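Form predicted alone, single chain, as structure tokens, below.
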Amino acid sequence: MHVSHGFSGAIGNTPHIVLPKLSAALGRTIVGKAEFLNPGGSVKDRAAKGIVDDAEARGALAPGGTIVEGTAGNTGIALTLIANARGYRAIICIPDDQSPEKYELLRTFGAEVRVIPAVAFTNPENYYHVARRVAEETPGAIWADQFNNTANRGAHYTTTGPEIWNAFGASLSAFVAACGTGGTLAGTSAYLKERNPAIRTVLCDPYGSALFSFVKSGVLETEGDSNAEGIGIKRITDNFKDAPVDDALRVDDQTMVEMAYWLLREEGIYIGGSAALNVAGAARYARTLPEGSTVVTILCDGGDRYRSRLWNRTWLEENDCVPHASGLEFLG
């Protein structure tokens, strides 16, 4: 059995779950990398560990120091747990439009939580800019800056990419993932492309994000909107810059919700919205590939962090996205 040393040692080496019913329906193998089984419950454990390891190695984070971050939730959760394990303090700035479960978890885990009104990135009161100022004003603090700190991308280059390659090697046809900071897609894709340039690397974007347009045309333009949390962005981060991405597709909220409920009902997989969006994107892209192809995507986090939204009938009705499909017809 694998034995891990502490919280950080348990991060990574997550299972690759073949989705048998979805794969059979498509004639292609669809695989979800179960990042919700990281000790902090999400793919952001990898970025958080990479950022803290890097800060310690550079001497920027000393014993008893403080980690400050602006986050939609999962990175803050991961940083707080790592801070607990290594003797740091965590200050988390989070916008006020996220699921209540995330605020509760952050407080339970011991973070100092600062809830910031959700405003555009161009507004100096955006949570990202507030976090930077808090770090500057706090003695002994670092600003994790998950969007532009390329230790995030590096963590996926050194862990996520090799794990996927070691599991599938030359049989891997494509890797599909959404972007929040861009670290997961960029770092993983860079590693996989080095091993086999023929592997297709694909962005799966929610509406309201500008990255789909950027990949397709080189221009940052948005269309529509989305309730997906933690993914979708309207600027090019340092982590996403120069990412070896071959193609992009969009997935709407209704499809995301339908896939989440289908996966729970048919595959026994209980995940959050970004993970469901990833699987829907992987399924749609897989149909453009030859039969028998293998497509891997990221199951970012579990469903428990969205019980009051994605898994709440009232919220679904209020947002006009109640699931109603009996099969996979929502894939189009």
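Keep in mind it's a predicted model, so treat the numbers as computed, not measured. The first residue of the sequence shown is number 1, and the count goes up from there.
The discussion below concerns the form predicted together with a small molecule, not included here.
Interface residue among 92, 178, 78, 144, judged by heavy atoms within 4.5 Å of the small molecule in the predicted complex: 178.
Here is the short version: of 296, 300, 280, 48, the single residue with a heavy atom within 4.5 Å of the small molecule in the predicted complex is 300. The small molecule is not shown here, but in the predicted complex it comes within 4.5 Å of a heavy atom of residue 306. Although the partner is absent here, residue 206 is not a contact residue: none of its heavy atoms lies within 4.5 angstroms of the small molecule in the predicted complex. Contact annotation for residue 160: none of its heavy atoms lies within 4.5 Å of the small molecule in the predicted complex. Although the partner is absent here, residue 229 sits close enough that one of its heavy atoms falls within 4.5 Å of the small molecule in the predicted complex. Only one segment in the set 103 to 111, 161 to 169, 129 to 137, 179 to 187 has residues whose heavy atoms sit within 4.5 Å of the small molecule in the predicted complex; it is 179 to 187.
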